[in-house]
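A single chain comes next, written as C-alpha cells; it is the form predicted alone.
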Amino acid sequence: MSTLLTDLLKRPSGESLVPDLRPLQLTPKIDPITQSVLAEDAVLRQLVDGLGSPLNIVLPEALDTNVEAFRAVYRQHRLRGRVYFAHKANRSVALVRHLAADAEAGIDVASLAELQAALSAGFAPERIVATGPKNREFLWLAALSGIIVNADSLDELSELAAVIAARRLPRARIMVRFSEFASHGVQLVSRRSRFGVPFAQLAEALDRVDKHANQLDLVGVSYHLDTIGLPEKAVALEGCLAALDACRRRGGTAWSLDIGGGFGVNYLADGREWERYTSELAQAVLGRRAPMTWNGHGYGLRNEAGTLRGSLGLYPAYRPISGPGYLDQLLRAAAPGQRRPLGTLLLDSMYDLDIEPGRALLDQCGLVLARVLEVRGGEDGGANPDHGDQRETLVRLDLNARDISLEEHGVLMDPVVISAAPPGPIEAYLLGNLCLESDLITRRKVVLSRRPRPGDLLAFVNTAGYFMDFSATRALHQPIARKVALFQGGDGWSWCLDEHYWPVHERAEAA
C-alpha cells in the first residue's frame, strides 16, 4: 500500500481534500529496446493487418540484458548457482529457444508440455528443473531425461521413486520444496501455502529420501513464496539453510538452495503518479471526488459509513527496487536467527543459490497490440456509465480481457496510442470484444496521449510476463492472439512467427 494511501486511512472521515483534477496518468516504463519497436509504426500496422488483432510481440534479445543483470548480482556476492527461467510466465517458443543458446541459463518447467518444449528447444537435462505438482507422465519423462525434479510433496517423492524402480531408470536428482517456515527470534510465520512440504516435516522428508536412496539423489532444497515481503523470504531462506545443514549431518551431499521467483518488475516511469493515483482512488471510494473506475470499482477498498475499509488489491506497479535489485536486497538482509547477511551465510556454507525468475526475466521482453474498433463518447457523445448527465469516452478494442490480463493480475498502466491523430490527452475506458458486461480491459479510466480513431492501434507494453497469454482463451470463438518474434537485423528490425524463431536468425541477418 502506498504511503499516501496509508496517510489517507489515518485522516478523520469528515476531513475533505481539495480535489486534483489533472488526468490520473500511469505512464509505463519503456526501455530503449521497446521504444525502438514502438517507433516502427508502419511495421506494426502491417503486422496487425496481416496477422490480426490482438497480436503478441516478443523480443528475445531483451532476455540477454535481464539474465546478465541477475548474474551481476551473483558476482557481486561471489555466489554460484543457476538462473532458471520460469517457463509458465510465457508460452513463447522463441523466448525458450533464445535462452537455450545461453549455456549458463536454465529453465524451470511446471508441466509435461513445458518439459517437452524445453528439451526440443535445445536445453540439456542438467539445465532443467521441474517444479509444481506433477502427474505420473511428467515424472516419467523427467526421470528418463535426467533433469532435476523439485518435489512438491512427500507423496510425489514416493511416486517418483516408484516410477524409477518400475522402469529400472537411473537415480533421479531431486530437490524438496518446503513451505510454512517460522522464525526463532522475532516471531514471523510464513503464510499457509497449497504447495510444498511444511517445514515442520523436514525430518520426515529426509527419512523419505533415505528410504528411496536407490532411486533418489537429494541435491538441494527450495522454497517459493507468493509474497514480495523481504522478512518472510529471509525466514524461508534461513530455514532452507538449516535444512541443508540437517541433510549434511545425515551424511548427504546436497549443495543447492532454490529460492524460486517473486523478484518483481517496475512497470511505471514515475512513482509520484502511482502515489497520486492510489491516493485519489481512496478519495473516490469515499465519495470525495468523481468516480475513477467503472461503476465505482474500488480495487479492494470500500466505503463503510464514511470510513475507508478493506485493502488495496493491486500489484505495486511502481517498484524501484525489483528484479536483480530485489535479489541483491534479499542477500544483504540479515538472517532473523543468526543476524548475519543471508548472502554471507550462503558463501560461508559454500552452497549454490538457484533462482526461478519469470516476470523479472521478461521485463521489457514483449508487448501486445490491439486494433481500435470503436470510439464513443467525449467529442462524439455517449452516456457516462457513472453519471448520466456527463459524457465519457469509451474505446472498444479488438481483443478481450483474457488476451491482456492486466486487471486479473492487478497491474495498472496506460497503453501507448499508435495513431496519426493530433496529440492531446484524454481519459477513456477500454472495452473488450466479447458480448459480456465483464469484458473490461481496464476498470479504471486510462489516460491516452491522443484520442484514437477506429483502425488505430493501442500498444500494451512490458506484457511478456504473465499478461500476454497466461489466461488467453477462445471464448465466443474469438481467436487467440498470434505471436511474432522481433529481432535486430542488419538494417533494423526483422520478424518471424514465434514458432519459426531460432537464435541463428539475428546473427545471420547481422552478418
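None of these values were measured; they are calculated from a predicted model. Start at 1 with the first residue shown and count on from there.
What comes next is about the form predicted in complex with a small molecule, which does not appear here.
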Which of 357-365, 293-301, 335-343, 200-208 sits within 4.5 Å of the small molecule in the model of the complex, heavy atom basis: 357-365
The one residue among R177, K134, R97, R371 placing a heavy atom within 4.5 Å of the small molecule in the model of the complex is R177
The listed residue (C240, V83, A86, A151) that reaches within 4.5 Å of the small molecule in the model of the complex by any heavy atom is A86
Mark H224 yes when one of its heavy atoms lies within 4.5 Å of a heavy atom of the small molecule in the model of the complex, and no otherwise. yes
Partner proximity in the model of the complex: G432 to the small molecule, non-hydrogen atom cutoff 4.5 Å: no
Going by a heavy atom distance of 4.5 Å, is G196 a contact of the small molecule in the model of the complex? no
Distance check, D108 to the small molecule in the model of the complex, heavy atom within 4.5 Å: yes
